[in-house]
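Encoded as structure tokens, the following chain is the form predicted alone, with no partner shown.
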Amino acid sequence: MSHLPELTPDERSRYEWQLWVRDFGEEGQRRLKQATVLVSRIGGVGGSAAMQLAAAGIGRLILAHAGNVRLNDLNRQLLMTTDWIGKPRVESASRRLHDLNPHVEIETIAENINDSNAAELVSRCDVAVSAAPLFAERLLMNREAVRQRKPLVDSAMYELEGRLTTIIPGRSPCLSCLYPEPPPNWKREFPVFSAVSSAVGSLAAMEVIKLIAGIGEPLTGRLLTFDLRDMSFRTVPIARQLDCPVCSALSP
């Protein structure tokens, strides 16, 4: 554990209650402090994931999201504020997260994931969170995560439903195993309550924490789905596809 960064007295006090979590402790906290997490889109789902990761003490967050804050973002994008309408989303997010936890280093990229930046951004993180509303971005993140053997947490929601899976390249199915092509009914804009997107984002953050700290059992090979209309939750097993063009050639 000597190679892990030390905790300051302020950090020990700040994280005291989570240091009591079984199998986590100081070593787990120091692992979080050492880690870098990339979050692709910081809207309702990704913004909630980033907030939970900052609160938990992730050492560095890379936030990628283009565009300015709009009034109709504010029912769900909890890192955005009314006084920041018309200004870059990533700047609002950075300001809010720094206010929450000044120990976390925040790097902002005022771009969405695309062919020209995906490889470089994924190369700079230990774990990535995919929360983009466009499925092409999700598949691009998946491709790069698999190519670079970086764990990826894919998180999505629609109306009162949520979905989540964790991809460990070579050990689990990738997103392309589950979705060889973008779903035909996937829409850029969709009905959403903040409570639903925040629930998915919080679950995604917990998956990241588990991966980095080495606690619990991640959602590899399983898809978590829930419907908050009736509070039903289930996990569905998913398998690697032998003909997957993204991950089939990868060995553990």
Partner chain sequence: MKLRVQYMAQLRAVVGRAEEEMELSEGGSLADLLNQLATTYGAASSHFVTEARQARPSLLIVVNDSAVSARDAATTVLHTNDVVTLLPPIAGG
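A quick note: this is a predicted structure, and the numbers were derived from the prediction, not measured. Positions refer to the first chain, counted from 1.
Not pictured, yet referred to below: the form predicted in complex with its partner chain.
Asks: Of these, A199, A55, M206, L223, which has a heavy atom no more than 4.5 Å from its partner chain in the predicted complex?
Replies: Answer to the contact question: L223.
Asks: Just one of R163, K150, R171, R143 has a heavy atom within 4.5 Å of its partner chain in the predicted complex. Which one?
Replies: Of the listed residues, the single hit is R163.
Asks: Hey, in the predicted complex, is I238 touching its partner chain, heavy atoms inside 4.5 Å?
Replies: I238 belongs to the contact set for its partner chain.
Asks: Does at least one non-hydrogen atom of V129 fall within 4.5 angstroms of its partner chain in the predicted complex?
Replies: It does not: once its partner chain is placed as it appears in the predicted complex, V129 has no heavy atom within 4.5 Å of it.
Asks: Hey, in the predicted complex, does M157 get a heavy atom within 4.5 angstroms of its partner chain?
Replies: Close contact exists here: in the predicted complex, M157 approaches its partner chain to within 4.5 Å, heavy atoms only.
Asks: Would you classify P180 as touching its partner chain in the predicted complex, given a 4.5 Å non-hydrogen atom cut-off?
Replies: Residue-level check for P180: yes, a contact with its partner chain.
Asks: Can you tell me which of 209-217, 40-48, 66-74, 25-33 lies within 4.5 Å of its partner chain in the predicted complex, counting heavy atoms only?
Replies: This holds for exactly one stretch, 40-48.
Asks: What I'd like checked is whether R138, P184 and D243 together line its partner chain in the predicted complex, meaning each has a non-hydrogen atom within 4.5 Å of it.
Replies: Yes, the whole trio is in contact, each within 4.5 Å by some heavy atom.
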